[in-house]
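What follows is a single chain, given as structure tokens, in the form predicted on its own.
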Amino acid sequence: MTVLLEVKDLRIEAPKKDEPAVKIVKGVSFNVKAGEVVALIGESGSGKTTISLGALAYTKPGLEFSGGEILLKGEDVLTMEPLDVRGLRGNRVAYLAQSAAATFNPALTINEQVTESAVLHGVMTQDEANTRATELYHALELPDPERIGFRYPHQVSGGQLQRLMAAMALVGRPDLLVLDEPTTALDVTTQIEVLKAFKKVIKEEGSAAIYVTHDLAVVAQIADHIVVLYAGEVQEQGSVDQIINNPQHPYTKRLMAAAHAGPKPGMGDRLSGDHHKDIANIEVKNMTAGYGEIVDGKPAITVLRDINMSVKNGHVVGVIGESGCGKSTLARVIAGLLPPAKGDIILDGNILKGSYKQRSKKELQRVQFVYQMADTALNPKQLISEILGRPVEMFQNLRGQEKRAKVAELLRLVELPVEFENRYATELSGGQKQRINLARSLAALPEIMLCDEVTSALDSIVASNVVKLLKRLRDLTGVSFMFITHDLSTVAAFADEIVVLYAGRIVEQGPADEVLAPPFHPYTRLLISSVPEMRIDWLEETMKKREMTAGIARGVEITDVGCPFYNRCPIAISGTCEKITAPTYELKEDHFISCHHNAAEIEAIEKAAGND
């Protein structure tokens, strides 16, 4: 294969007034061949995105190219004239961002945006671009490919929008694709669907690509070559097989150790019993919730239906499920941000008012919310001392020197230097911001913390460190956690109990080690089967499984009658599952499952299908 892109001794730095420049990228070199996918991997701050953006002759504000070459078909993009650079971006080199939702304009139809670049660059006429777009919709296995382009971005799912962004990048037949964490924020079933579509279309189009990610399991499925980065330098590079199965550099070995290999039966924590009370810390009883006007205990749009669950004192309950299943809505109801249509939220035996506005200061203090995106949750104009000091003053009634001492104690508790109190959030890394996010909630001395996808945007090493911190905080403070996530590997390593949520209903719940061991509810098996493993050809093997064939390409549909998983279930009973609500029964002690099949039937079906 011919070399399409050559990166030679690339150096990027941040110039400082009256000080030496800060070196960001330090002499990086690698090649991308035609038809090849090269993955740039490493933890946050390693320079992955900064290097990949160099292929578009672009640096982020405050940075500049200080040396080296980036040759696209022999032409150095760093020395191009501005007009030539304009013709390069979106034409010869196309960029796929991490967030498709932020990339698309909500006021324009999908087709207008997908075809815009090719038409503006004069590569195609509008009719030719429309035809090409429809071909790509077929290739990317999008639903209703002849008409999906006439929809608006909010009318398609997150996974579909991510694939439409790939169509946008490919429509002009670029020489090179730059994919920047395109599946990081997706749930496991959507991720596998998007990966399958990306791999298929890259192969069919013969495209070359730079794939930026921190997820080694994803890399194993889609890349041909891996470049391992740390602090702006190449630590190791080679074929996927060599890097994954025979890493040489100590840092690469550390990445492998931190990589999630997927949840296995028996991985989950067993209930410790160290913090038991006579009553559950938080209980949700017969709760239904949604959005819009509530009439006779039913909201206009029902999201959660007949939810019953509890979080014991000092324990961790992991809530898992795909996007749209109602995980975040459940946390919002418990926090009082969304009043339930019916049912009760009970804290230490006392029924809480539905809205936070009606709850006492003491009740607000005891239930704290930790938001997913620390970037948007922390005020960029406030010092860390102000961000942490406000809840200390409000809930602990401390001021002056006592408040400052408590802020310092909180920083030490989340393993950050006390000197950080004089920094702004923008001066911190992603993992450090998330620790401040946690410290702010801890400042209220809560009994339960509602953690909504707090590790989803973090690389594997940083996420692993945050989970270790949460375990330590539980042991030190006795605080309970409701841990919302789509990362089954994380929840398996952290949770005492797991609640599996599908289309607003609990389909399985119980001790983590039992929920992650067969017999599974069919939806739990689909989730577990969808977690990428760090081995080559895993994707192709997995897509042949019975549960994948039945359910991977279909989205979550909230239904009023029957089992909502019916249209995706490989063992559905026609005439029963779609009409009658599934009964809930106890599989083992404290392990419940909602299914029309009993445990013996599920086990027999799985054995017959060859599942262990």
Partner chain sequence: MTDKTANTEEMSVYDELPDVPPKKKIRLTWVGKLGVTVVLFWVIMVFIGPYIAPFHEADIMAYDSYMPVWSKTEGEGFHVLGTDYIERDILSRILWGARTTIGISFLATVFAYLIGVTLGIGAAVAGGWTDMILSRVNDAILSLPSIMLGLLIVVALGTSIPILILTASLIYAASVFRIARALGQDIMVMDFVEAARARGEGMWYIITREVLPNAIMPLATDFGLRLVFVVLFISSLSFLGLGIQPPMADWGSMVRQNLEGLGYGSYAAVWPALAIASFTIAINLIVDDISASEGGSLARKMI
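Please read these numbers as outputs of a predicted model, since none were measured by experiment. Positions refer to the first chain, counted from 1.
If you look for the form predicted together with its partner chain, you will not find it shown, but the lines that follow are about it.
The shortest heavy atom separation between T59 and its partner chain in the model of the complex is within 4.5 Å. Although the partner is absent here, T50 lies well away from its partner chain in the model of the complex, with no heavy atom inside 4.5 Å. Proximity of S44 to its partner chain in the model of the complex falls within the 4.5 Å heavy atom cutoff. Its partner chain is not drawn, but in the model of the complex it has a heavy atom within 4.5 Å of E19.
By the 4.5 Å heavy atom rule, the three marked residues V3, P143 and Q160 all fail to count as contacting its partner chain in the model of the complex. Heavy atoms within 4.5 Å of its partner chain in the model of the complex are found in exactly one of 127-135, 372-380, 398-406, 530-538, that being 372-380. A single residue from the set R254, K285, K342, K73 has any heavy atom within 4.5 angstroms of its partner chain in the model of the complex; that residue is R254. Among G354, G324, P519, G431, the residue placing a heavy atom within 4.5 Å of its partner chain in the model of the complex is G431. The partner is not shown here, but in the model of the complex the stretch 231-256 reaches within 4.5 angstroms of its partner chain through a heavy atom at A231, Q235, H249, P250, Y251, R254.
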